[in-house]
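Shown below, as structure tokens, is a lone chain in the form predicted alone; questions about how it binds or moves come after it.
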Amino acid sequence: MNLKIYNSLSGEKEIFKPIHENSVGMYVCGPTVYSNVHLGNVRTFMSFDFIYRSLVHLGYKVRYVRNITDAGHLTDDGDVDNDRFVKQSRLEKLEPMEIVQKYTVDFHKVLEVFNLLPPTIEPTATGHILEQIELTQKLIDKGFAYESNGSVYFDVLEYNKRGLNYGELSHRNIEELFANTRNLDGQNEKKNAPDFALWKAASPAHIMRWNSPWGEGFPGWHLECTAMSTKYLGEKFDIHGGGMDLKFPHHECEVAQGKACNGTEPVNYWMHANMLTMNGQRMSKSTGNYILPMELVSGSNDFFEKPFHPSVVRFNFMQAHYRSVLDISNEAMVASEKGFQRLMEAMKILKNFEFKEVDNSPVNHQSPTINLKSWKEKCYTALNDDFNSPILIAHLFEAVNFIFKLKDGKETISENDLAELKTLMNDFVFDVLGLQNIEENNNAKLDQTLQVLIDLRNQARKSKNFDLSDQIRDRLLAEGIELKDGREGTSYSIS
């Protein structure tokens, strides 16, 4: 089957043709680590985690690059006081790099909770200052950028004069860009209102600053991703992803920088994940319609009646296509939990189900209602149709219904088909969708916890602290957990 991907550049689904056969270079804009990662961010990164998993499952070798923006993210090009790291460091009375470390750790912890795979490369903006300075100088040398008062700006009008098209990704024209440009501090440094910063001169109060040919300053946000993506994936690569909110101006600027520097479209397929809403409204701190990922998981919020396991949240997110707006509510989460539990119960039945010979006489033989070959084809058709997770899940539930009937003896299946069904369901549910079996996870955690207690008891016995070792054994026994000492070590049983 041909994989089709919706390309934001063309506005159409296109057959995916990688630059290098069976290999994919994919860059996804990572977080700006000045605050806790929010649930909308998690949805975006989870969407690309699903895409990454799908590409790997389909047989591609994927180099997945997702950056960390830890410097230079201005809310506009005019006022350096709007640097988010500087603002947050003042607010929390911490050094900017303490802010970066604190929220980078938080980001990784949250994504691990939701079972996102790490990227193959995770570069930071501060680790690539030299590359950004070199790119800026290259754009100046080619006549696409100019220095002004220690800052360097990309010349949008010059870019368009050379037959290029700033606005091609977001489908905006230059007149619209001029009309909608706000009057910001620092606009008098620019030749044209839509010009954007490649390098900003640091004010005396600006903490994060580096030496450059134009004086001390820091990189522009858009330049960072161009420098990191091209370093690890080349001047032209397969897929660039991010949230829908990044299409303009961030990704538009990346297109312009790449074409101006290297004379070619930097990316073949631009992919954008849509937004997350809650209770039918956009999530916003200012309105109070806002929740952090771990607040949803822990239940410490005023919106949901109970905590929801990360895999239930993931299942809920996967029920919407990555390009669709997804609305979460208490009712939707409760429904997703029921669906998830039914799926996991079916997976448990399938895991333990053993093939049994059936009477295949014409009188008693009953053909299975699910044609495995046709069902498998439908699943892969969904996956290859722009990574259509909701349609894939719908097909998986056809198999779920079949599995419950199989358990009740109302369906039959051949030995070979049973083995293939087990493999396919495990691949799609756990490897591709990235769901986790809550019960198995809880058992693994229990094993790990009890092993810690067994190790502590062994240490106590070794140091002849028999009171402590007996106390650990007796307390566990009181909770129905019996420790058994043998030649190969200590095991446990639960009554």
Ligand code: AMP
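Treat the numbers as computed from the prediction; the structure is a model and nothing was measured. All residue numbers are counted from 1 along the displayed sequence.
Another form, the form predicted together with adenosine monophosphate, is not on view; read the next lines as being about it.
Is residue 45 a contact residue for adenosine monophosphate in the predicted complex, using a 4.5 Å heavy atom cut-off? Yes, residue 45 lies within 4.5 Å of adenosine monophosphate in the predicted complex.
So in the predicted complex, does any heavy atom of residue 212 sit within 4.5 Å of adenosine monophosphate? Contact check for residue 212: no, nothing within 4.5 Å of adenosine monophosphate in the predicted complex.
Report whether the minimum heavy atom distance between residue 89 and adenosine monophosphate in the predicted complex is within 4.5 Å. No, residue 89 is distant from the partner.
Counting only non-hydrogen atoms and a 4.5 angstroms cut-off, does residue 275 reach adenosine monophosphate in the predicted complex? Residue 275 belongs to the contact set for adenosine monophosphate.
So which of 410-418, 275-283, 397-405, 163-171 is the stretch with heavy atoms within 4.5 Å of adenosine monophosphate in the predicted complex? Only one stretch qualifies here: 275-283.
Just one of 242, 310, 266, 123 has a heavy atom within 4.5 Å of adenosine monophosphate in the predicted complex. Which one? That would be 242.
May I ask you to choose, among 57, 461, 38, 61, the residue with a heavy atom within 4.5 Å of adenosine monophosphate in the predicted complex? Selected option: 38.
Within 4.5 Å of adenosine monophosphate in the predicted complex: residues from 393-419 (heavy atom criterion): Stretch hits: zero.
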